[in-house]
Every structure is written in structure tokens, then in C-alpha cells.
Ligand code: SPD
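The chain that follows stands alone, in the form predicted alone, written as C-alpha cells.
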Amino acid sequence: MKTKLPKLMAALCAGALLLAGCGKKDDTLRLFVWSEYVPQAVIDKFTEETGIKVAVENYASNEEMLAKLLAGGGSYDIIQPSDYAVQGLVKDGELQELDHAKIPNLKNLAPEFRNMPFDPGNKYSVPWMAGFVGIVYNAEVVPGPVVGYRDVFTPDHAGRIVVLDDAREIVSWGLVTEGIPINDVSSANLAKIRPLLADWLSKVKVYDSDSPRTPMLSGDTDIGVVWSGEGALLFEENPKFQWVMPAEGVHMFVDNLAIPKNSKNKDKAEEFINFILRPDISKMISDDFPYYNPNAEARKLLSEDQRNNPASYPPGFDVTKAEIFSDIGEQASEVDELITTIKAKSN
């Protein structure tokens, strides 16, 4: 059916009003990033220094971000994918190449973060923060010893456990416990770990990827498997919250900034990335979200207490030898289905 042009334009303007407005260029930089990860003070300082307005939308998992991005559910200039998500997006042609000439602060990255296997040469992405998934527990309630995942999911802790609401992460705990590499995700291996995960998840009280420290602080849970930045914040709050790198095996995640292929503000996005790589700005991020900072110059600005936080910078852990998730393609849907099914049966 044909539509008269004025009516068509009116309809298009109404539909696009929230994104850009009709008849004028949208100069707002649109970020689609993890919850609890980008300090508002950093956003405000960027706008103050550049005059560029920033709009922020959040997600709680890579899978949520990928589903919305690939479905065309939003128009974004910067996203914050983790390692394996970068790898998949590059393979599918969903990211723009970065112009390194416009990002001179790349020089501030530690050498081990400049050429990672999921994006050799940082062609499409720049590390934001790195971290680990480990165990945190309230030592005043949990006597220990706690050294690995099997020490978390015990009958004594049933109904007092918080874990990340992230299927890929949960599956990795089962894999390493059974001596299987974290990226060896096959139907056979998922079937092998299913009974173990079914038992473990039946004991979980809270699933929370946004702020898993919250139920620990409130006393609703006593032990859990959480992001290292959350563990670091708990340790800062009270040393009774102890951090453990699981004995069965632990991997490192690297969250990055990248520019989707449909971004209309690539220059502004690269300006923002360069801004983030300034040591003083990167330190601001560490102050609020104490993960492992890949910015070597920013780490020099951290206090001794920050550098000695066992969750942020685990003693004796060599990040150059850490395992990192890789893209598992269509197997990801099987991972999601497995955890969704187990969680449904556990409720």
C-alpha cells in the first residue's frame, strides 16, 4: 500500500523521536554497556571536556547485549562486549575497525592486553577492565576451609548462596570441576556436567549478575560465586568477606569497548575510547569498580590498598597464562537451554 510522503515522514519521525529527532542530526553518543560498570562521574567529565552528550543503556549479560544488538533493537555507538563476544561479532562483521591514529592513548595499555587472541592487534576492540570469577564468603558465618566450587554448593550452604545469572559462567564451573577445559563445550560434555549443575543450582538462593555483593552485604547470603570486582568491593567494605580463586580452575574475562557497524558517531566513539584510556580517567573507573585494570599507567596511580586487594589483583596469579572464553557459536543456545531448564526445575 502506498503512503503519501508527508504522512510517511510523520510516521518515521514519530518512530525515531526517541533516538534522534526528525530533521536534525543526532549528536548524542549512545553507550550500551554492562550494569554497575561505568561511573557517572566519568560520563559527566567526558561531556564537560568535550561537550558531547552521552546516553547510557545497560545489560546484564553478553547474551542479552548480543540478542538486542543483532535484532536491531537499538542504535548504539559503543558497546562493551567481553572477549568471546568480540570474537563472535568480528566473525559476523558486526564491528567497525578502529582508527588507532585517533586513539593515541592505546600506548597506556599493558603489553599483555594489546594483542589478545580474540582480537589480534586490537583491530576492533580496546580493553575496558579485566577480572575473574571466584568465590566470596563471610568468614564470620562460614568457618571454611573454602578452596573450590564443591565447597560452595554443600548442604550446609543450601538457600544461602548467591551466584552470577550467567549461563556460560555457570557451565564453566561444572566443566573445570570435571577436568574439562572451559571452551570444550559440546553436547556430550554438557550432558556429563548436567547432574552436577542440577545439584548445585538446587541450593542457590539468589541469581544476580548486576550486583551480587548486595545479598552478601544484607546478610541474605553467606557465600557465592561472583565477579572479582564485586568481591573486591566486599573486601573493601569488611575484611570478613574473603576472596578465593577456585582451586578447580579460574578464567580471566576481558571486557572491551567496541563500535558497532551501524554507529553514526564513529569519531565521537573513538574520542570516548581515547578518553577512557587516559590514566587519570581509567583510575576513576578502578576507584568505583575495582577490577583488574589493563591500563598499566593507570595502575601506577592506584593506592597500595587498591593494588593489594586480593580480588582485584590476586597474589601470584599470572594473567598472561589465564584462560579466556572463546566464541562457541551455535553451542551457546544449548548452554542457555541447559541452565534455563535446570533453574526452572530447581524452583
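The structure displayed is predicted, hence computed values, not measured ones. From 1 onward, residues are counted along the sequence shown.
Keep in mind the form predicted in complex with ligand SPD is missing from the figure; the text below concerns it.
Remark: Trp227 counts among the residues lining ligand SPD in the predicted bound form, judged by a heavy atom distance of 4.5 Å or less. In the predicted bound form, ligand SPD lies farther than 4.5 Å from every heavy atom of Ser286. None of the heavy atoms of Tyr149 is located within 4.5 Å of ligand SPD in the predicted bound form. Taking non-hydrogen atoms only, Phe235 never approaches ligand SPD to within 4.5 angstroms in the predicted bound form. Segments offered: 277-285, 35-43, 312-320, 48-56. Contacting ligand SPD in the predicted bound form at heavy atom distances within 4.5 Å is 35-43.
Taking Asp255, Asp119, Glu270, Asp77 one by one, only a single residue has any non-hydrogen atom within 4.5 Å of ligand SPD in the predicted bound form, and it is Asp255. For the candidate set Tyr124, Phe241, Tyr84, Phe113, a heavy atom within 4.5 Å of ligand SPD in the predicted bound form is found for exactly one residue, namely Tyr84.
Interface residues of 311-347, taken as those with a heavy atom within 4.5 Å of ligand SPD in the predicted bound form (partner not displayed), are limited to Phe325.
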